[in-house]
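To begin, one chain is listed below as structure tokens, in the form predicted on its own.
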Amino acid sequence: MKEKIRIASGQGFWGDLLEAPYQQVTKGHIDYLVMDYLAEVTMSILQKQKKKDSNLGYARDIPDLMKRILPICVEKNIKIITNGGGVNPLSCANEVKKVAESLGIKNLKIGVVLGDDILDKIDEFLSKEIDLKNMETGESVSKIKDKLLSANVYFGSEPIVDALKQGAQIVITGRTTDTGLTLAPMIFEFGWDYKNYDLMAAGTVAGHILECGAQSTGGNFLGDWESIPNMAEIGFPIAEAYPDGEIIITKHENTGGLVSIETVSEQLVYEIGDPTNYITPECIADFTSIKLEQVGKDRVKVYNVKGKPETKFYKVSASYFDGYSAVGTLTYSWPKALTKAKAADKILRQRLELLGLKFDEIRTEFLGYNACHGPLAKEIDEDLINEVVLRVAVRGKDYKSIERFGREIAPLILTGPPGVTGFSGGRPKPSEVVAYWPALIPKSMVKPQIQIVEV
């Protein structure tokens, strides 16, 4: 058993800093690089790509990234774990294999976790009275079955651990819990018992801190953000894990950013719901039990984490087609920029009504005034505002209404309030609305599979 391992976050979402993984494997010692690419909406995007091309459906940044970091990771014996396989992890693994072969790398094992994609099994589940009820409304998935774009089970750390046990140096998964990417190396290296729920919770908390990349090292920091050093070269977090469940959150010394109790605390409360019941496939972690201690420069100890037994369910993340939307913008200038923008909005809404167009929702924002805070925005002195951007969005099931809305923005330039600019890029076009359907499924109904791709 190792005395400690260092697990580095390389991506917090698909589109994160491209240099982060390279910096993590070159600027200091790490044992594992974990990269989280997936969000709920990402799965539907990837599913659409796969339908157009059966070889796609994964984070296409990965092959190019592997060209840069794979030789380094092989030389330093750094294992890579990522959920960037999306809805086509096997295709992603095959692309990584091609990269390895082009670089002359041999004797490499790529573990692929399959089985999370249940889109083609919905009818089977419904026939067995597994309704995949919406966790918010209680409605059966049968209501939107024909509109489904994606449906994926959140597997946890266990299949990743199984792949590592089979000798995989790279593990590529589909929809895995963000925390499982980090927990898996601890279970594998330290031989943790899945029934030791405090250890499962400790690894889960570490994964939660790492999952959003630099958000725990000073990025998007709500505290004294102006004091964060060198954000242009911000370092991504590293979890220094020990067999007893103690975790040190840190980063490479020669990078920007900050690791403090405050930066770690902000990430801890990100997207957790009930802090006493953070549910994962391995355990239920009690975030109120967590203790933090600053034990050095850019080093925060996380300890005393308590956990409870896991549930009998996996979470399912499904998405479905829910109509169309379009967004249009115009910029109004001083004087009385806000008054002009409000008048333009009123005129536009009257015209849409006179045309008899049908929308589920019309939403207006005035950028520079209330786009962030909505009705809580403070009143402002118009004489102090140089410009305001009018942003109007519509959503609905009727494509023709959405399309016609896009034709009503440009006419406001010559048939509305004066001092207007900012119309470019052509008229707004309808785009599909993807809605989210969260559900639960008994763990007994789905099983992950491991496939090893050898180079």
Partner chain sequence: MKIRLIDIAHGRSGDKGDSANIGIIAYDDKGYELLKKYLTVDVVKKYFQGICFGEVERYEMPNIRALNFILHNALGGGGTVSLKHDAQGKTLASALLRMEIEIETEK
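Because the structure is predicted, anything quoted here is derived from the model rather than measured. Residue numbers count along the first chain shown, from 1.
FYI, the form predicted together with its partner chain isn't displayed, but the following is about it.
Between 161 to 169, 138 to 146, 259 to 267, 348 to 356, the stretch whose residues reach within 4.5 angstroms of its partner chain in the predicted bound form through a non-hydrogen atom is 259 to 267. Contact between residue 434 and its partner chain in the predicted bound form is found at the 4.5 Å heavy atom cutoff.
Of the heavy atoms in residue 126, none are within 4.5 Å of its partner chain in the predicted bound form. Contact check for residue 288: a non-hydrogen atom falls within 4.5 Å of its partner chain in the predicted bound form. The closest heavy atom approach of residue 376 to its partner chain in the predicted bound form falls within 4.5 Å. Not one of 307, 317 and 440 is positioned with any heavy atom within 4.5 Å of its partner chain in the predicted bound form.
This chain is displayed alone, yet in the predicted bound form one of 281, 245, 328, 219 has a heavy atom within 4.5 Å of its partner chain; that residue is 219.
Note on contacts: among 76, 106, 195, 363, the single residue with a heavy atom within 4.5 Å of its partner chain in the predicted bound form is 363. Residues of 379 to 393 that come within 4.5 Å of its partner chain in the predicted bound form, judged by any heavy atom, are 391, 393 in sequence order.
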